[in-house]
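A lone chain, given as structure tokens: the form predicted alone.
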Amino acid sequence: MRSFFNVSDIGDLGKALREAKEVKANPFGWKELGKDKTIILIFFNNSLRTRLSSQKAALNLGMNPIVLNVNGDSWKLETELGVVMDGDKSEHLREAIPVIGSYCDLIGVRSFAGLSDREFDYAESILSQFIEYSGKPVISLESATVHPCQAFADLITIEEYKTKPRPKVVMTWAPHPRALPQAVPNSFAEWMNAADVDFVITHPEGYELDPRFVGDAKVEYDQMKALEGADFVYAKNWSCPGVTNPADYGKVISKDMGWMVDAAHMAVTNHAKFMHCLPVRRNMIVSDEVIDSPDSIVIPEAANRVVSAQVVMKRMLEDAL
């Protein structure tokens, strides 16, 4: 595996889930793989779970993780090609990336969408440059359009908690005061479409995700109807993807509090487990009573971020042998 970006990069999902189970049961069983190896984790944006879980996964595999906070620990980096660098950015990614690649064996990159230029964001310019110029395997730790480590952890969690062979999984939009990227819902949709689940997406009109991620999922604009009989409820906000109206890309076009997941919403489900990638805005995305209930699995879901990252790193190290 030279890059981890989409669900297709992981290959057979059944095999990946079995491997995740083995890694979780024996996290230190492959320490020799990472001996004397280095992974550089590059963060263009803030992080808690992604940063800590990636470092922990690397340490479990015997690797030496180095964390670089771009624009904080390093020179400010220019990311676009063809610009005249007469501003406050002292170095271009085109030079920085191969230098970084010369210092390590694996690279993880986290970079959010700017939410102002849909074409630029969905071209994945920053991650693509790391893949092209580093010469090393590259893991997306969340990019402009996808967050595969999160989606893999979500699937691992569903596999652990499901009580039927093919559970109903509903991803519901929920309100948020700020414009957020579509990376998490995009990846969750992509991975659920590849998994053996009954997958439904629900959101207000105008929040349609890119068709390449929606795939064959059922889209239901009536939230309560979508939630009926659900076994898992995955709440997440995203800003307007600009699919139906490009001029609205990255905007908050609704703050309808009726979409917050509360006890009334969960009451129509099949005693569903509540999921969220975290951090979560309490009493906006989800009510206290739901996220604090026994049916909330957000903490074990977050813990599985170590497992998903470790499986990906393990495979990259094995492929390099």
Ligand code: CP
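It should be emphasised that the depicted structure is a prediction, and the values quoted were computed from it without experimental measurement. A residue's number is simply how far along the shown sequence it sits, counting from 1.
Form predicted in complex with ligand CP: not shown, discussed below.
Of Ser140, Gln150, Asn186, Asn237, the one that lies within 4.5 Å of ligand CP in the model of the complex (heavy atoms): Looking at Ser140, Gln150, Asn186, Asn237 one by one, just Gln150 meets the 4.5 Å heavy-atom criterion.
Contact residue in the model of the complex, from Thr50, Asn60, Ser296, Thr269 (heavy atom within 4.5 Å of ligand CP): Only one listed residue qualifies here, and that residue is Thr50.
Which of 28-36, 254-262, 42-50, 283-291 lines the interface with ligand CP in the model of the complex (heavy atom within 4.5 Å): Only one stretch qualifies here: 42-50.
Considering non-hydrogen atoms and a 4.5 Å limit, does ligand CP approach Leu278 in the model of the complex? Leu278: yes, in contact with ligand CP in the model of the complex.
Is there any non-hydrogen atom of Arg118 lying within 4.5 Å of ligand CP in the model of the complex? Residue-level check for Arg118: no, no contact with ligand CP.
Quick check on Arg110: any heavy atom within 4.5 Å of ligand CP in the model of the complex? Although ligand CP is absent here, Arg110 would touch it in the model of the complex, with heavy atoms inside 4.5 Å.
With ligand CP taken in the model of the complex, which residues across 285-321 come within 4.5 angstroms through any non-hydrogen atom? Just Arg305.
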